[in-house]
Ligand SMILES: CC(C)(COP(=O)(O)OP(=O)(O)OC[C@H]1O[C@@H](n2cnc3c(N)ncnc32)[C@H](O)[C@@H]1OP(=O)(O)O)[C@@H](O)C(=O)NCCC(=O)NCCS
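Take a look at this single chain in structure tokens; it is the form predicted alone.
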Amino acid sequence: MHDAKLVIWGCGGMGREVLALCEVLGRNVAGFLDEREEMRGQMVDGVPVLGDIQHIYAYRNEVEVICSGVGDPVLKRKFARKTRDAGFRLAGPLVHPAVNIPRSSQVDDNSIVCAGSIVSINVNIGKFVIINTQVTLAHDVTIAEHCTISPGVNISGNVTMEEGVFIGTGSAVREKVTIGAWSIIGGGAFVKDTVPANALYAGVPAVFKKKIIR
């Protein structure tokens, strides 16, 4: 339902960026969702914070929910599960109108593609993915669910990002590299080799820093 009202999980910086994108797309945002009780009833950028998902349960057939209003992949997964468990509809993809998506590429539901990004051919973007501003995705890139690609990241061809990867601002990833599930790449890094799952890599070139325990 393209004309359905939208509700955005998260009222911080990313959530407000999603609100601005919705305004560009002419989508009506009914409010933000936030688990913090003290945020309920407050106004953020002129939009009310409605509370947690249970506070809007009566409107589950009237709205669609955006779970990609937070950059943390773990939180995105949590909010997606809460939304589905509560019986709400998930919003489709939100792509800035200045971004061209080639016919051979795909952006799945609840993913965000922000202004200034470039999506090449045969790119597959899964659900609940954030492609922030000025990101370059070269040919044959695959990005699994819940990933977050920060501003100014350059991803070369034939790169695979498994579920829940976070790529920091201004990083670059060499061609034919795989980044394992739930790993984090620090800002400004250059990734030249495959990264295992649940690991923090940073530096130029990027090297192992520590294991991530979730």
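On a predicted model such as this, the values are computed, not experimentally measured, just so you know. In this text, residue numbers run from 1 along the sequence as written.
Note that the form predicted together with the ligand isn't included here; everything after this is about it.
The ligand is not drawn, but in the model of the complex it has no heavy atom within 4.5 Å of N158. Proximity of R214 to the ligand in the model of the complex: non-hydrogen atoms within 4.5 Å are absent; the residue sits far from the partner. Contact check for A197: no non-hydrogen atom falls within 4.5 Å of the ligand in the model of the complex. Although the partner is absent here, C22 sits far enough away that none of its heavy atoms falls within 4.5 Å of the ligand in the model of the complex. Comment: 166-174 is the region of 166-174, 36-44, 50-58, 23-31 lying near the ligand in the model of the complex, near meaning a non-hydrogen atom within 4.5 Å. With contact defined as any non-hydrogen atom lying within 4.5 angstroms of the ligand in the model of the complex, the contacting residues in 167-205 are G168, T169, I184, G186, G187, L200, A202, G203, given in sequence order.
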